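The chain below stands alone and is given in structure tokens; this is the form predicted alone.
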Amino acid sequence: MSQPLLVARNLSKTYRNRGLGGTGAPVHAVRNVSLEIGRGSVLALAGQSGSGKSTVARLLLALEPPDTGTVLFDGIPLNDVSGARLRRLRRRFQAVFQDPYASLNPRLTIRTIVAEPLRAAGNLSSGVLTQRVGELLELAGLPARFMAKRPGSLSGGERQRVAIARALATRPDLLILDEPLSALDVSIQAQILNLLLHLREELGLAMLFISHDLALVRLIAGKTAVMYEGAVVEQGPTATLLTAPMHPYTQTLLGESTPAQTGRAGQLASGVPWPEGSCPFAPSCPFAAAACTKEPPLEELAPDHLVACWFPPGVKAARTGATRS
């Protein structure tokens, strides 16, 4: 088997809580996250707002360093790369962000916006730049005449197509798409999703598709990792994970279960608060028991299906070493 294009190993990131004069509890945005993205494949990263998905994206893009862990792109550890070498490597992985209104400079023409990474990558004549920008716009489903426009005259879907065209300028191997459809109307979402599927097929792009919308995840990703409170709690083939989820949080996302009423205050049934190091979902979990005061590891419970739960619903036996008492 070929080496995965991108590998993240045991990534963690904690931020200092600047509230209350910086004396608040630290925020564990990402906790021991490991992911792999194969060449030409699509991995979805799913979870509710605040689960750590966007922080993972920033770590994978080398926009900020992890506190612990390693990111390897095509076998190269990004932790050890900087300066011009990192800039060259970044041409091979690009990002499309959530808000197409904020990600494009309103003062620049579309030609200038899409040409910016081309200028950074090499010395091209004005004529070659114009030709290349036209090709990129066409690839993203926009006519070349859009080059003269500015972002303010475009719809949300058109702006996101411009952002995609810009991301494709350096012919990347990987696109990291951070909630690329959430700011768009439903009808426009379908158009952009179809565009992404077409680009994956035509260009052989690998993608990390970050979304809270499991209906969209189902349509685009071969594999899905579900995040909760900074950790991956379930990971596996999308079709399996969304039809037979094993983690109670995934079931909650799919509307198949609801959090326990007694867990809303974040306490054990005895009224004792859940201790540090507990399963992060335990205070809201309808299946929580005493064993959940220890956080479960992410382990393979079915072929290629990883779950972090001591008592996964639908699995007859509890995890090794877990007892309900």
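Note that residue numbering follows the sequence shown and begins at 1. Just so it is clear, the structure is predicted and the values come from calculations on it, not from any experiment.
The same protein also exists as the form predicted together with a small molecule; that form is not shown, yet it is the one meant from here on.
Of the candidate stretches 66-74, 278-286, 296-304, 43-51, only 43-51 has residues whose heavy atoms lie within 4.5 Å of the small molecule in the model of the complex.
Put simply, Ala291 is far from the small molecule in the model of the complex: not one heavy atom of it is within 4.5 Å. In the model of the complex, the small molecule sits within 4.5 Å of a heavy atom belonging to Ala29. No residue in the set Tyr101, Ser103 and Arg166 has a non-hydrogen atom no more than 4.5 Å from the small molecule in the model of the complex.
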